[in-house]
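Read the single chain below, which is given as structure tokens and is the form predicted alone.
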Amino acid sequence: MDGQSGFRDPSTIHFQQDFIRRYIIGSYWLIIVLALPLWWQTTSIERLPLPTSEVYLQATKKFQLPLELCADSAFSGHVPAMQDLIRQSASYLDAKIILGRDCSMYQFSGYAVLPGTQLAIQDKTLYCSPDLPVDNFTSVLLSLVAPPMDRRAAQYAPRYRLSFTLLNEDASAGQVIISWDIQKAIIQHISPITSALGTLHNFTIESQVQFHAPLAFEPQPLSDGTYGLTPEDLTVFINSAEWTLSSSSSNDPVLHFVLFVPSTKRRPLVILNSDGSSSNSSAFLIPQWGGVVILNLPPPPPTMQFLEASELRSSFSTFSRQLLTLLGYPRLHPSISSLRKTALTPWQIDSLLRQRMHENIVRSHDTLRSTVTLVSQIEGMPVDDKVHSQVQGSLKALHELFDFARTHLTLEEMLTLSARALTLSSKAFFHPGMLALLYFPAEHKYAVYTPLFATAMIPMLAAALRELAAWRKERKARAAAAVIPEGDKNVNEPNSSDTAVSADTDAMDAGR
């Protein structure tokens, strides 16, 4: 206890002793050191190597699909122009034209061009007059083997959901459609398309009826008592905020087909041309999304109505044409007629197969290249076993596809491989573990955790440095106190010979 201040000396308190304080500070640092392996294990990311060189090598390959055509010798003057035009317009096709043989037996394994009185197709045979000008002939043939893809078509997907929705704008205004014979209408108009294109896509069909679907704008009233939709109104016609058009949850892309019944206050509702005149069509297509048909009912009564399949014939015929456009199905050349009354011909289906296959290969190459580029640019991006296997699986499918000459794959099998390559590459690129780091990079973590841990680590580091400096100072002081110079020893300690002489002198004095 200090007599002057009345407080105890801190050095005399047990827990304030130097070694106790240093043990406490050291224990904190010992815990931190022991926790480092656990922290490293829990925060480290799995980053498996991706086959970057193999991806870039695959992306440089150009896919060329063989196309065999058998032409009658009467078309010998058209062959060079045919080959040049196909090579220029469709670089993914390797056209081989066989001339001067009997093509009547060849039509079952390839495509044939035979003389005919009219321009027509039957199965895989094109009948054409040899006197047709070369330019007209080549344009007709190109429209069959490599037609341009409609920009309104949706991107390829192995699976599609077709959603058919009947929308009553305002059921409270009267004359509401409570139900419709959707099943029969789909069987008559949609099922033939889905069956014919089953080699390209798997379709799931759903339907619903809604009784309140208000528009997000006011249609323009016209002088004849009708209401008009301008081209600008059509771009915002779909009221996504208040219409629930998808009735199920799925990752498959959806193609919507809406049958819109206007309120009795806004009938008839017509579509206007750009010049303000009324259009003859009551339907419009939204590219890559779906189609809309406006159904203007006759004046009431009745107040409640059921739509029969016969009453839906016109609307679903329009829906079927819109579906073909959205799926990229090519139209026949206006001058070509089909000898078999089928909506889908083998020429058109095969050309769509080739186009979609080429599209899938290009998209797979781009996605794989983007994946490995992104991983190489972001060092901390995780790459787990699933991403690695998906990239490898996509490359494997592409290798099998490019090896079609040896394996003799059919068009359907090649499309399946291209779809698998596209699906796996897309899953790898959009993997949740990889996407998370794009939104929470390492800089974000440093900005969050630095203020939290710096406030705790700085005092601990300062205390450790202070105790280390004090310990070194004490150690030096003890070492200096323990070391006595030799000169001081000679001065302070008596010599043994001097002591003996002094003792002898004292003894002689005592004898005297």
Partner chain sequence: MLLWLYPLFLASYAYGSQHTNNWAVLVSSSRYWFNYRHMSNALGMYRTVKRLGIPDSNIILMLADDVACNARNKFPGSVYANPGRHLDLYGENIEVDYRGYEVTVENFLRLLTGRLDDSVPRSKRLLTDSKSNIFIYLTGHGGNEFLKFQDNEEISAHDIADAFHQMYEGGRYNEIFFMADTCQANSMFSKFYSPNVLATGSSVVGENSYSHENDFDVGVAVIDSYTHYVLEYMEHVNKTSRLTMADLFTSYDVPKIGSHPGVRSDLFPRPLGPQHPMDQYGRGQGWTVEGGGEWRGRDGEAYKRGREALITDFFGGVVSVDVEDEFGEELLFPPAPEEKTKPSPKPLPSARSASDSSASSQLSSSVDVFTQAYLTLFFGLLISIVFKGGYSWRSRSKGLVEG
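Residue numbers count along the first chain shown, from 1. Between two forms, the rigid core is the largest collection of C-alphas that superpose within 1.5 Å. The structure displayed is predicted, hence computed values, not measured ones.
The same protein also has a form predicted together with its partner chain, omitted here; what follows describes it.
Site annotation in the predicted bound form: the residue of R267, H358, H78, R420 reaching within 4.5 Å of its partner chain with a heavy atom is R420. Only one of Q220, S207, S279, Q210 comes within 4.5 Å of its partner chain in the predicted bound form through a heavy atom, and that residue is S279.
Its partner chain is not shown here, but in the predicted bound form it comes within 4.5 Å of a heavy atom of H189. S263 falls outside the set of residues with a heavy atom inside 4.5 Å of its partner chain in the predicted bound form. Interface residue remark: G225 is not counted as part of the site for its partner chain in the predicted bound form, having no heavy atom within 4.5 Å.
With a 4.5 Å cutoff on heavy atoms, M457 does not count as touching its partner chain in the predicted bound form; it lies far away. Here the chain stands alone, but in the predicted bound form its contact with its partner chain, taken as any heavy atom within 4.5 Å, falls in 28-36 among 445-453, 63-71, 28-36, 460-468. For the three marked residues, L99, T138 and T407, no heavy atom of any sits within 4.5 Å of its partner chain in the predicted bound form. Contacts between 214-237 and its partner chain, taken as any heavy atom within 4.5 Å in the predicted bound form, involve E232, L234, T235, V236. Core-superposed comparison between the shown form and the other one: the C-alpha position of E68 differs by less than 2 Å.
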